[in-house]
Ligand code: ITT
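Just the one chain here, laid out as structure tokens, in the form predicted alone.
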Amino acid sequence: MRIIFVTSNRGKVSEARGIFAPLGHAVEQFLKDGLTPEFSEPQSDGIEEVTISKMEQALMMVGREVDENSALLVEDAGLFIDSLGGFPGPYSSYVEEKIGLDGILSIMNGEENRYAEFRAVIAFHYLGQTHIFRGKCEGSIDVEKKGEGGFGYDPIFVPSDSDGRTCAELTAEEKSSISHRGMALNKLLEFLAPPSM
């Protein structure tokens, strides 16, 4: 199957390729005239509403490129920090762009409760229907940036299921095996897998 991933984030596309390629599914990033699409995001406290809105917009952008041998994939994710009341949540990419990881670390300075979780919601449109899949990765915010890998908040997020390393210190395979996006994508894979005889 050809899976068209409508996102401007190449890191997300790479992670999806790593999960789908072994099963023979090709993942490609959607580009219009060589450019990644721009979404108008609804102001919402939940990422599910944002994801559904993005899928509606993506269907209008992609149009006839989706047929019986292809599907459309849209994903939204956010970092929800407990002591900050769930901030930055659905505004994670905007906050990262505006204040960066150093800004988050500064806000968290001296905070004992460092619990946080990444949440991902995937919308998958195939054969005229949209299906929703969710994933969550629990962890904590480190006191400093560590690691060169990953993207986004990876250098300051330590997953509970890791050995104390941040997501940016994990290999791509280690990260996708425990990440919020990896979990949501694996639920999608289970949905796509033919029933065993």
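Computed from a prediction, not measured in an experiment: that's the story for all the values here. Start at 1 and count along the sequence shown; that's the residue number.
Only in words, not in the display: the form predicted in complex with the named molecule, which the text now covers.
Have a look at 56, 28, 41, 138 for me and say which one sits with a heavy atom within 4.5 Å of the named molecule in the predicted complex.
Looking at the other structure, the residue within range turns out to be 41.
For this chain shown on its own, do 125, 133 and 185 all sit within 4.5 Å of the named molecule in the predicted complex, going by heavy atoms?
The answer is no; none of 125, 133 and 185 reaches the named molecule.
Residue 154 within 4.5 Å of the named molecule in the predicted complex, heavy atoms:
Because a heavy atom of residue 154 falls inside 4.5 Å of the named molecule in the predicted complex, the answer is yes.
Does any part of residue 82 reach within 4.5 Å of the named molecule in the predicted complex? Heavy atoms only, please.
The answer is no: residue 82 has no heavy atom within 4.5 Å of the named molecule.
Can you check whether residue 14 is within 4.5 Å of the named molecule in the predicted complex, heavy atom basis?
Close contact is absent here: in the predicted complex, residue 14 is far from the named molecule, nothing within 4.5 Å, heavy atoms only.
Using the partner position in the predicted complex, report whether residue 177 sits within 4.5 Å of the named molecule, counting heavy atoms only.
Residue 177: no, not in contact with the named molecule in the predicted complex.
Since the partner is left out here, which residues of 93-118 would have a heavy atom within 4.5 Å of the named molecule in the predicted complex?
In sequence order, 93, 96, 118 come within 4.5 Å of the partner.
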